[in-house]
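Okay, here we've got a single chain as structure tokens, the form predicted alone, with questions on binding and movement later.
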């Protein structure tokens, strides 16, 4: 065990943890979208989990930094918030948010992050970018909503880990990047009895067809 201080709060944590894991275990919220406990090498793609650490000349991603005895961490400095707001606004410029017609009843992590760092879900002064992606993509027993996806890769990692083979992958490049599905009778059968990718998605970009249909019907009522 090592002792660290986070926002003036002293914590005793396991020495193998990252700063992000240590904070999560102690109820300290740091915005993040791509962290997965089972991923040995942090993806660090969402660029939201920045913290300031005493002795460092700039904020660092908390998912890639291991705790050390005596470490002093700040999660809410002006530099940290500026980086988080920039990353979040950029993300939201590709993620049109319409809570009233959102295709899920699942609580949205984006709303919690927006409230925590003090920004709206509108990316002002950036404009929304229409990437021309389809509204829905058929993934066998699932629907994929490309414009909701934040490309955190949690679904791809989880699918590969559970099924020992990737049924999901990234396709295309740049801002056109989206998740793709390896179609096939065997894969459809595996997906129909799994739903692990649905459970791990932080923004409900993957939905079982049955749940999606129910959601649409309830909104029509």
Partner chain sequence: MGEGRKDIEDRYKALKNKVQEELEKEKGDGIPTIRVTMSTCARAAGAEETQKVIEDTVASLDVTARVIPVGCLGHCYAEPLIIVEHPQTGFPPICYHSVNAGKARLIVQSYIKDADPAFEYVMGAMEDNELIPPVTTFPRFGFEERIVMAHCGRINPWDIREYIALGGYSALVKALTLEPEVIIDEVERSGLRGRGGAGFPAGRKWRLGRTQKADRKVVICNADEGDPGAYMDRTIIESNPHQLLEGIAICAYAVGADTAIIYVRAEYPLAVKTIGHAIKEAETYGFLGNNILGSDFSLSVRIFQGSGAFVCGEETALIQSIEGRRGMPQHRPPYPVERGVWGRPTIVNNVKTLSYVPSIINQGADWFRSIGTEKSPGTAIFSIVGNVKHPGLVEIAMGTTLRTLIFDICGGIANKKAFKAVQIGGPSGGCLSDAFLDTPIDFDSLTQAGAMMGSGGMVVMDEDSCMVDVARYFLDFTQKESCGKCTFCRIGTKHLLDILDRITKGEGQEEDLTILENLARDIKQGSLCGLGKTAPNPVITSLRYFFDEYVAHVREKRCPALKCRSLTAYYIDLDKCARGCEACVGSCPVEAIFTTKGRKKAIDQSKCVKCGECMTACPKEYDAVRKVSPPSLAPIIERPHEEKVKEGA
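Since we're looking at a predicted model, the values are computed, not measured. Numbering follows the first chain given and starts at 1.
Just so you know, the form predicted in complex with its partner chain exists too; it's not on screen, but the next bit is about it.
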### Message
Can you work out whether residue 195 and its partner chain are in contact in the model of the complex, taking contact to mean some heavy atom pair no more than 4.5 Å apart?
### Response
no
### Message
Even though the partner isn't displayed, in the model of the complex is residue 90 close enough to its partner chain, meaning a heavy atom within 4.5 Å?
### Response
yes
### Task
Although its partner chain is absent from this view, report whether residue 46 comes within 4.5 Å of it in the model of the complex, heavy atoms only.
yes
### Query
Taking heavy atoms and a 4.5 Å cut-off, does residue 68 contact its partner chain in the model of the complex?
no
### Task
Could you tell me which one of 97, 119, 83, 110 places a heavy atom within 4.5 Å of its partner chain in the model of the complex?
83
### Message
To verify the annotation, which of these, 26, 189, 64, 161, has a non-hydrogen atom within 4.5 Å of its partner chain in the model of the complex?
### Response
64
### Query
Three residues, 50, 127 and 175; all within 4.5 Å of its partner chain in the model of the complex via heavy atoms?
yes
### Task
At a 4.5 angstroms cut-off on non-hydrogen atoms, which residues of 52-71 are near its partner chain in the model of the complex? List them in order.
58, 59, 64
